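Coming up is one lone chain in structure tokens, specifically the form predicted alone.
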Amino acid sequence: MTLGIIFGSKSFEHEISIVSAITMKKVLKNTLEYIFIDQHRDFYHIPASKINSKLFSSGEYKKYDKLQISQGGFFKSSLFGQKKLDIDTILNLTHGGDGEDGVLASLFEFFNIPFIGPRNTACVVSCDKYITKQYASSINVKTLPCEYFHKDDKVSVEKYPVIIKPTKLGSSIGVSIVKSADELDYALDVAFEYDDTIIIEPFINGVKEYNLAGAKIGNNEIQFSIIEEPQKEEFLDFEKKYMDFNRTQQVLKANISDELISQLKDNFIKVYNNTFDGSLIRCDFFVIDDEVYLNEINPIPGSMANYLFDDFNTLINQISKYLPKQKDIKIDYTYVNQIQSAKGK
């Protein structure tokens, strides 16, 4: 199977997407075709043998073929017209805007292009942290309480410490821990630089955190990763996460009880539901007083969370065999013809 790795785009997480895409060369045995989206949303076909981070920072990517998206796939100009890029399935590795907010998912569905990644509805419930909490509540998954503010609102905090997050960004971009009122204004300036809305949650120091990834394959069965307990001081800031996005070595399994493993998996199943069919997602959970809380849903996790799986390559190939199919709607103009017939035309 030939995989098309699509990455980049107009996003605050553009560079992280590049790191994730390059990592796929190390962990996937498939034939790979790279499709880079630059900040102008132009598509470029980058040969797998040529891909490296400097190619993009230098602008050298522009010497490669531009692509056009059309019904059924991506095409490049040739002497004989348009030639289709030979790809079986797209792997969406576009973190943040365009990739995780549903723009590309809608584009792929519109043009009938098979892809691994969150569908539009999944993007809606996972890219906005406030909506994620409403979704979690509807499926009986606990989350920490929060307050929601627009940049034009007067923001007040009753009890510190708190954590401030832009609602629609990942990779800890714009996130701050605020321990006193003196730190609030600066943290708000940082967050609102990236988004018009924020959430404010209580910050609980030393909370246990666990990461679990998985995907649905076959008979609605979810194949789980190992459970990781991230090692950190307070929270993983952007720099730490950025450096971590090129991980390829499997991490150590968390040393936790069978009961907690079962609780985490039960919550993951509720989150995945049918909403995330066709995706490999990672859920980040908190455990507080023996209760499991969903922190966030990563619909396109960094480097696809390959480091959590024993056989990542096989899993990606399995997901590609069980992608959601769009309902085939037949248009036969029966209603229009009846109207015309009734008018005697």
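Note that residue numbering follows the sequence shown and begins at 1. Quick caveat, the model's predicted, so the values are computed rather than measured.
One more form of this protein should be noted, the form predicted in complex with another copy of the chain, which is absent from this view; the next part is about it.
The candidate site formed by 18, 41 and 194 is fully in contact with another copy of the chain in the predicted complex, as each residue has a non-hydrogen atom within 4.5 angstroms of it. Residue contact with another copy of the chain in the predicted complex: residue 186 places no heavy atom within 4.5 Å of it.
Put simply, residue 68 is close to another copy of the chain in the predicted complex: some heavy atom of it is within 4.5 Å.
Interface residue remark: residue 168 is counted as part of the site for another copy of the chain in the predicted complex, having a heavy atom within 4.5 Å. In the predicted complex, another copy of the chain stays beyond 4.5 Å of every heavy atom belonging to residue 205. Looking at 260-268, 223-231, 175-183, 195-203, the stretch with residues near another copy of the chain in the predicted complex, meaning non-hydrogen atoms within 4.5 angstroms, turns out to be 195-203. Contacts to another copy of the chain in the predicted complex (heavy atom within 4.5 Å) from stretch 94-120: 98, 101, 102, 103, 104, 106, 107, 109, 110, 111, 120.
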